[in-house]
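Encoded as C-alpha cells, the following chain is the form predicted alone, with no partner shown.
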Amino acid sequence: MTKPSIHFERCGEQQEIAVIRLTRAAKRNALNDGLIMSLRELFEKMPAGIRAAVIAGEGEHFCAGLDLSELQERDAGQGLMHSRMWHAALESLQFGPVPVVAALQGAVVGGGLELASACHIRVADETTFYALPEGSRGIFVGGGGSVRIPRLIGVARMTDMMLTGRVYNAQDGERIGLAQYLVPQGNAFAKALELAQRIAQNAPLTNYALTHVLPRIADQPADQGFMTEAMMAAIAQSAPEAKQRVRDFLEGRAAKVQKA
C-alpha cells in the first residue's frame, strides 16, 4: 500500500499497527497535494485488522509544511476548493478507522503542525520545534489549523505564533499542549509505537468513542453532551467484548491500575 511520498507497513504481533512514513526527506517532508491525497486514500481504505496507526517523517524532520515550490496561483473559488480538499483528507485521519499517534522530530511547521494536530496523540523528541510562518508569507492556514490548533493551545497563542513568527521549542511545545509526550532525541518513534500497541489492546468500540464521539461532546452544550455521553456509554458497555473485560476484572483476571 505504499503511495506517492508515503511508505506504509504493518507491525505488531498480529500486524495490527499501521506505520505511515512521509518520504520526502530531501524536502523536509513538505506537503504537496499528492501526499495529502495519498494520506486520504490510505485512511479511507485502511486494511482490515489494523487497530492503531503511527505517522512519522523520514529523516530529521516530521514535516516542514506546505511545499511552496508547488504552490499554484488560484482565484478565490479555486483556493476555497483546494482548502476543502485538504480538510477532507485530514478529517479522514482525525475521524478515521483507528487512533493515530504522531512521532515528531525536527520541524513541525505550518501544514506539518496542521497534520500533527489532526492526530490523536503527539510524541515529540527534544529536537522538535513548532511554527506557523503563514502570517509572514501573506497567507493563512488552510488545512484545518485554525480549528484544531486553538483547541490544543488556545486562540491567543496561535494568534501570537502567526502574528510574530514565534517558534516554540520541544519543551515549551509540550508545556502549552502541542505534544502530550516529550522524549529524548531519536526516541519519538519508539514511544509512539509503544503507545499505539497499548491503544490497539483497547476494545475497538471504546477507541471509536474516544476518537469520534468525545471531540463532538466537547463541542456540544453541556445538556447535549451529557445525553451523548449516556448513549455512548450504553452502547459501549453492551458490546460482548466490554462485558467480558468487566467479568475478567471482577474475577481477578485483569490487571488493576497501579501508581505510575
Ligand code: 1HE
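Note that this is a predicted model, so its numbers are computed, not measured. Heads up: residue numbers just count along the shown sequence, starting at 1.
Keep in mind that the form predicted in complex with this ligand is missing from the display, and what follows is about it.
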{"item": "4.5 Å heavy atom contact, D125 to this ligand in the predicted bound form", "value": "no"}
{"item": "M46 within 4.5 Å of this ligand in the predicted bound form, heavy atoms", "value": "no"}
{"item": "Any non-hydrogen atom of A209 within 4.5 angstroms of this ligand in the predicted bound form", "value": "no"}
{"item": "G57: touches this ligand in the predicted bound form, heavy atom cutoff 4.5 angstroms", "value": "no"}
{"item": "Residues A64, S69 and A107 all lining this ligand in the predicted bound form, heavy atom within 4.5 Å", "value": "yes"}
{"item": "Selected contact from R151, R166, R137, R157, since only one has a non-hydrogen atom within 4.5 angstroms of this ligand in the predicted bound form", "value": "R137"}
{"item": "The single option of K191, R40, R28, R51 touching this ligand in the predicted bound form, heavy atom within 4.5 Å", "value": "R28"}
{"item": "Contact stretch among 169-177, 108-116, 183-191, 91-99 - heavy atom within 4.5 Å of this ligand in the predicted bound form", "value": "108-116"}
{"item": "Contact set, 121-135 vs this ligand in the predicted bound form - heavy atom within 4.5 angstroms", "value": "F129, P133, E134"}
